[in-house]
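Let's start with one chain on its own, the form predicted on its own, as structure tokens.
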């Protein structure tokens, strides 16, 4: 049996490799788009759905090389071009050392090095004057496309939705340029990765792109796929996770691979498993409770930050809308409810609350500006908290009129508690107890 480090098996902060789970529902569409010359791509979905992990693994299978630019708010078109140009250096420098390592022609390589020399000189000047990068006029999108194509790369733009509208339009136009270069460089393409509305943004920026890109939605992982991560990890580390614990991790992950990996890593550390065990190691409820507490403590600031985003009140009107809607949703079970269910819950304590306010808030709570706090399932018509831990924080923060922990365990509706990690863990434990009882009753 091969020995694997636990941090290579459970990878909450980087794309999974050895524990990668194939996403059969979208594999064919993704592979077809990657293998179609000139086809530009937009991959979109909820944060944590596994977009980057899926793409990275497919690119490793199908491409010799790829560049990845991680877009950030405030980045300019010029900075993004410069990032790709700089990353190409590793491939062009290799041609000098090995002569034919990447089969880049001498003419193109010479052209690349010429522009790099100009960029170096420009950087020396601008560093004394201002921070903004200056690109020589020779570095056009067409030229960049030739350099990327000659290196047999594709160009991945992560978090495309964070780029401002003006610069996003220019990046959309680069996709058209790359399409036109596909006859000469068949592997050349841009793959934009972003939030749920990214495909719509690309088309808005340039209407001609509507029929010229492949739009691929990466859904949240199914319960079966989450369990597959755990099953693969059991084999790789020679561990046995209790079936109830696996069910509870699946519930807490709520389709988010990153949460599953975080809790899995916490399980192993709680048990002292740091690499593949010589003898089978059993992992149970005690380790899960420790993993949950560690996850909450490690993520406390970010979880509170998302709650702050969701509750933020832009102006003071008659209703504190987002607080009211979140409280109404929190009164429902973890799987959430329809718009009507939420409205009924709200009307139980806000008789005059207008339904139009609910519609607006539910839509906004799904946006990145509100931390994607709420998720909508088109198949069931239900709204729910994107992450069960969000619900725990909402219960702790909003329902201050309740005083009994037992009340929560019984009804799974509210909890009077401060935002301390150990207390949030109690809420999670109560939620799991309710879910386990439901499953036992169903069986």
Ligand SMILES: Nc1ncnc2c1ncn2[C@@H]1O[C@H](COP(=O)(O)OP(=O)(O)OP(=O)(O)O)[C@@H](O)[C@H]1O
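Positions refer to the first chain, counted from 1. Being a predicted model, the structure only gives us computed values, none of them experimental.
Form predicted in complex with this ligand: not shown, discussed below.
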| query | finding |
| --- | --- |
| Stretch in contact, per heavy atom within 4.5 angstroms of this ligand in the predicted complex, of 24-32, 375-383, 58-66, 44-52 | 44-52 |
| Contact check for 40, 154 and 214 against this ligand in the predicted complex, heavy atom at 4.5 Å | no |
| This ligand contact in the predicted complex: residue 257, any heavy atom under 4.5 Å | yes |
| 4.5 Å heavy atom contact, residue 358 and this ligand in the predicted complex | no |
| Contact flag, residue 331 vs this ligand in the predicted complex, heavy atom cut 4.5 Å | no |
| Residue 342 within 4.5 Å of this ligand in the predicted complex, heavy atoms | no |
| In the predicted complex, residues of 1-36 near this ligand [heavy atom within 4.5 Å] | 11, 12, 13, 14, 15, 16, 19, 20, 21, 23 |
